[in-house]
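First come two forms of one protein chain, each written alone as structure tokens, so that there is a structure 1 and a structure 2.
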Structure 1
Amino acid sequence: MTLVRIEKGDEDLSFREIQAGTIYSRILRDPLDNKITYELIEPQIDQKLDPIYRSYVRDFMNGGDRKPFDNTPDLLKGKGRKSSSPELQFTPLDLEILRYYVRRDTLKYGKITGLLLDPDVEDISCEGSNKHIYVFTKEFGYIPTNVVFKDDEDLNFFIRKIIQDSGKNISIADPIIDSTLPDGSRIQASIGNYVTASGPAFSIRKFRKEPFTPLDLIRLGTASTEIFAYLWVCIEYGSNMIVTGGTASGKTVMLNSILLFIPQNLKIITIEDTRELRLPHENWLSLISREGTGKNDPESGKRIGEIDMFDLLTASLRHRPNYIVIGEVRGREAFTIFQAMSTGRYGLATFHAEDIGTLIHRLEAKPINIPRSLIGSLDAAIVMGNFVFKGETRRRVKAISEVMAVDSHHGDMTVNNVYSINSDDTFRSSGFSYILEKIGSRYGIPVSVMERDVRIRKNILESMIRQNKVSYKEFTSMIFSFYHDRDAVIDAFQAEK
């Protein structure tokens, strides 16, 4: 049955049927102030039906009335008798609308179900009740929606339910939580007023089947084509790199995009707490840590059944990977990855630090305690940052800092910012790269040839964008062909040699 009848309007920037006949979305620009907003369109529920479905959903959640929700006439009989006058009449459309809402709020994700189903929406963030929920779309960035949780009770209730569905619990004792929803999206949520000044809040990063490629990031302005061409060379020949930056600065996205440069014949192991990384390589092994249950064991400091990143990393070294990738380095696994990097494996990871100074400081300080002599096996840090530009947040590569030398006597460290961002949102180069020089001397290739190699790859990337060959598939197949027969790829994209 069609519950909503709607068509694209002239003023819509985008219009999408999310679920035929029931959920639609449109993105509009206000002609007065040019503000862009996202409107989620669902069936209209009127005052007669609203209290019925609400009380049913509450009962259902409290475990009281767990009758099959599909049996709406039953539901209406029960509720209708108790709460309304006997002459209350329901049309078939009413019943269908009730069924939609009951199902949405018990089996799905309540108010944000449509946002989660909309393939254009990548992030959903709710800063509190009585505030518009924001969504992130590739085309329009962060924009407000018409979805609002009316008060803290409403929002707390929703957060408890969605976290429970993900198999965890959120409570006053444990008011902030990171979890994975059944559809693979990642959620961070907090309840009450204990953590966030504004009360309950949550943010969701939707599961993305296809990660951002370097071409996507170039088009978003995250870094220049030359920067990605340089990273491509570094990754092909083998480099140890950490993507660093603040919360939600785009570290994981950046890491995933450069992983796409790894030659397909190399063995890659990724280690994560929540599954975020995605690779097209056949020789890829993805390991996910597991939380334990019960209290910490006094001897190991772990819970029963817990397998942390350190355990996974130690085990993975036996597989002799060429590249070891750690989703986010936090604890004792850091030491092991640095050891692995110093013994011929290549390591890539993200780490939470605002700049290279803070990164090195945190790596050396407790509890990680990496000696400076080992820090020298890090080739470079890719520093990510959020910039607000014309009222919009933009994620950018702030700098690529190469670790040039570590003086083990004095402990001094020399860093070359091979690339850094200018205040006008362009990028500058320091004019030379220590890593390219190092790779060149390792393989006996003159630096000028290494630099030409960067230029060739820059031309290929530019040419793909010019020809609008920017899909995930086109990008990964170009990389695979490049390692198979690079001249053919150079010719195909008419890149100058």
Structure 2
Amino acid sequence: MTLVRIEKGDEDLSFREIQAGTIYSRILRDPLDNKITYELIEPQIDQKLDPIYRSYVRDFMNGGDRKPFDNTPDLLKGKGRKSSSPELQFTPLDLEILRYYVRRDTLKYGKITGLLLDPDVEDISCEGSNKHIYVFTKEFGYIPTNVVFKDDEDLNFFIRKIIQDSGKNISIADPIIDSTLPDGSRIQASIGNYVTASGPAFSIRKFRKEPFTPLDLIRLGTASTEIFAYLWVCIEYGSNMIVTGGTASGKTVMLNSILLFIPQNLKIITIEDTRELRLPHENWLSLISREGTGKNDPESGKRIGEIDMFDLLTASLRHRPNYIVIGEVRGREAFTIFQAMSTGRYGLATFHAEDIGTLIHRLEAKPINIPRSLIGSLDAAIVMGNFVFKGETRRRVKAISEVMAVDSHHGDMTVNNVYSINSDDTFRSSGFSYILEKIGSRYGIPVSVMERDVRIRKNILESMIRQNKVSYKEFTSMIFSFYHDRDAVIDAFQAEK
């Protein structure tokens, strides 16, 4: 049944039907102040339905009947709403709208359900009650919406529910939390005014159904085909790399994309606080840290039941993985992964640092305290950054910095920026790769052959883009086929060229 009938207006900058006949969005520009706003459009609930709606939602939240409802009696049972009084006569449309709102607020994500369903929306942020929720879209950036939580009680209730639905708890004792919603979106939330002056707040980074592949990032201009071809060779033959950069510079997206280059016969373990990494590999174990409860244990300094990333990393080494991937290096787990790197296991991770110099400094400083001799086991840092080109902010690979050598006497480190970005949004190469030379030496392969392998992979990536074979499924299928019969894949793309 169609609950809303609406069409695109002449003044709409953007219009989308999010859920057929039920949810729409439009983006408008106010002609008076030139301000752009996002309007979420849902069915209008009749005032006479409001008491039933609120009663059902309240019962549901208090642990009442949680079975799905499909019939009119399920909505009206026990509510005292069957009456011959004219104001309490319900049309089929009334009941469908009532079902929509009860489902939305009990089984889904309440007021922000439509925002989460809108594919144009990338981030959702609420800075307090009685304030417009903001969304981020690729075309318009951050813009205010017509979605508002009326007071702190309303917003606190919503945050508690959505966090509980994600399998975690938020309380006065722990008023701030990072978690993953059932749809995979990442949420950071706080309740009360214990950590924020404006009261409860949340920020959601939306889940992408299909992760970005290297082809997606090439088309977005994040890096060139040659850079990804080089990374493909490095990952295939085994390299230790850290993706580093500032806030929202695309570190996790880049890490997830290059993980697709790992051969499917290798064993991979990922370790994260909040799950963001996704792989098509079968021989993959995902480990997620767990918060503890109660007071800190005086011996360990951790709460009872807490399992942190260091615990997970220590346990992962017993699985004998080929690749260990840490979502974000922040503390004592760094020492263990660098030890693992130095003993033949390959490690990949993200880190918060603007360049390789800052990265090394923070690895050496407290609380991480990695000796510079051990940092020498790192092969390269992929440095991400945000750049403004033609008035638009873009995520780019700032540099790929190879760690060439560490002076044992003075501790000086020699770095080769094998790739770096130019001021005109192009990339330049140093013309020499220490990692390719190192890999060639390890496997007895001449550097010229390694460089040829980069060119071959570059041709494959360019050919896939020309043929518009850019979906996640097509890309992962090509990678797996390449490792199964690389000659056949190379011949197929050479024939296309």
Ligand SMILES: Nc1ncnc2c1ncn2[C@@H]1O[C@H](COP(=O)(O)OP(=O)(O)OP(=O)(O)O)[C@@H](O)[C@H]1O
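Residue indices: 1-based, along structure 1. Rigid core (definition): largest C-alpha set, two forms, superposition within 1.5 Å. In this text the structure is predicted, and so the values were computed from the model without any measurement.
The first of the two standalone chains is derived from the form predicted together with this ligand.
Two rigid parts turn against each other between the two structures; the point where they join, the hinge, is F207 in the list F207, V470, N322, F310. Of the two rigid parts, the smaller turns 26 degrees against the larger between the two structures, judged by C-alpha superposition.
Core-based alignment between the two structures gives a C-alpha movement of 13.6 Å at L32. Here the rigid core is superposed, and P119 then shows its C-alpha moved by 2.9 angstrom between the two structures.
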